[in-house]
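This document starts with one chain, in the form predicted on its own, laid out as structure tokens.
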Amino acid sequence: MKDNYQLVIIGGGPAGLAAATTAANQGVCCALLDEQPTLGGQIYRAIESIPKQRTQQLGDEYTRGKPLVTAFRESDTEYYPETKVWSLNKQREIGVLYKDEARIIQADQVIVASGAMERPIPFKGWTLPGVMQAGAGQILFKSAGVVPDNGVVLAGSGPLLLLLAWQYLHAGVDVKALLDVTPLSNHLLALPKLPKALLAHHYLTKGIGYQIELKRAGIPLLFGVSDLRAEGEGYLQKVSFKHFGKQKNIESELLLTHFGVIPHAWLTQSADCKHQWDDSQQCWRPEHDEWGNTSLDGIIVAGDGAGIHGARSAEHAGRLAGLEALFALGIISQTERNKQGIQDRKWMKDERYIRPFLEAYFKIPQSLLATADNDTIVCRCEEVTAGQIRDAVKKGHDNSNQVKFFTRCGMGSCQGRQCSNAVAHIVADEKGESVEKMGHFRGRPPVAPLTLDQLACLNKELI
């Protein structure tokens, strides 16, 4: 790994792959850093090594990643897998952990393609063994072919639940039920956005197709579920919930939940890029222009790390970010950048027609986001409950960071990834204010775990 690069891309998903290939094919000295051992990100995880049968079980959306990876392999990009990026600043100095050695590298331009993470929502019993996020189930399936052998309940909100249920069905998994907590009132709110969504009808027809196939297989699809709880003594034994006012239970030792995804913005927050609250996506995201430029010179964002738009859109955004880096480096003119970006800009616009409909349809209810049950643990690392957070607000700590200082929520090993959003929603709910006013936890390096021994390696030449 060199000390200096013209361009460094952080993240090996569709946006990062497309950006790296675009830039490298025009002679840029660039490196792609990725925490995972293989290319593809979460959506195309293990795409190069997966058996054919499992590929068929995952569906055609998964196989779209193969040409992206192939094109990247044919480029001259320097690729560094299993590399953690733990720091980024406005001088474009990047802290990396590669082969267990921490170091700082410099880049003229940086593209952050960090992707998305599942939105963590605390609910009663979510810390019980046997309760996991649906993304974890997908990771196990894609990377190792591991699926539940004793049945599973899927619960939450968002298209991923339908996709995972369909994939599990084709893998022979006993899907006991799919519990959708999306309020039925959302259907009416989303209706005015349906005409524009029909311009990206392939998403709608695919989702309807999944539902039809699941129903034919006898899998219960329950909509309008509320009061979701995981119950058991020491481990998950049953999932309880209300459906149209009636209390119901399903015995299960595995519950996979999903409540949509949010940008993985810890690196851009640490670099002090400006962020804004996106009410339609119910999350914070970095501010950026149409080419991905953030508030900091030379730092570009692309893909779901810039805002949730899906894998296909991320691919186009990655190419546009790559073209912007080429322009910033003086390799192509603004006119050439605009010309080369015409098709990707059009395709990206087409892909995003569906987003307003999906965001309205799957909008998470405030009752879930604000975690009304005071005994529910919100910060798993420090075991801080919703009640303790509300109590901190009552004592005058009136924003997310003040609550963090007072309760230590967000100071554990995950550094707030699993509780930041929930804390902001609880504080806002307790104060009767908007989440935007509550702010987000301040990002500070290292944004990924780093040992003192690894940190000491930075100055080993001085020892």
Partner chain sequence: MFKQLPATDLETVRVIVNGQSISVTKGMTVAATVLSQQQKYTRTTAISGSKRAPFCMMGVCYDCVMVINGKANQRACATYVEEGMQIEIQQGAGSDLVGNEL
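These figures come from a predicted structure and were not determined experimentally. Positions refer to the first chain, counted from 1.
Although not depicted, the form predicted in complex with the partner chain is the subject of the following passage.
Undergrad: In terms of non-hydrogen atoms within 4.5 angstroms, which of the given stretches 63-71, 430-438, 395-403, 413-421 touches the partner chain in the model of the complex?
TA: So the stretch in question is 413-421.
Undergrad: Looking at 146, 212, 184, 342, which is the one with a non-hydrogen atom within 4.5 Å of the partner chain in the model of the complex?
TA: Of the listed residues, the single hit is 146.
Undergrad: Please pick, from 180, 351, 382, 108, the one residue with any non-hydrogen atom lying within 4.5 angstroms of the partner chain in the model of the complex.
TA: In short, 382.
Undergrad: Whether residue 130 contacts the partner chain in the model of the complex should be assessed with a 4.5 Å heavy atom distance threshold; does it?
TA: Residue-level check for residue 130: yes, a contact with the partner chain.
Undergrad: Is there a heavy atom of residue 218 no more than 4.5 Å from a heavy atom of the partner chain in the model of the complex?
TA: Although the partner chain is absent here, residue 218 would stay clear of it in the model of the complex, with no heavy atoms inside 4.5 Å.
Undergrad: Please check if residue 370 has a heavy atom lying within 4.5 Å of any heavy atom of the partner chain in the model of the complex.
TA: Judged by the heavy-atom cut-off of 4.5 Å, residue 370 is well away from the partner chain in the model of the complex.
Undergrad: Residue 337: heavy atom within 4.5 Å of the partner chain in the model of the complex?
TA: Answer no; every heavy atom of residue 337 is more than 4.5 Å from the partner chain in the model of the complex.
Undergrad: Output the sequence-ordered list of residues from 253-273 with at least one heavy atom within 4.5 Å of the partner chain in the model of the complex.
TA: The stretch touches the partner through 253, 254, 264.
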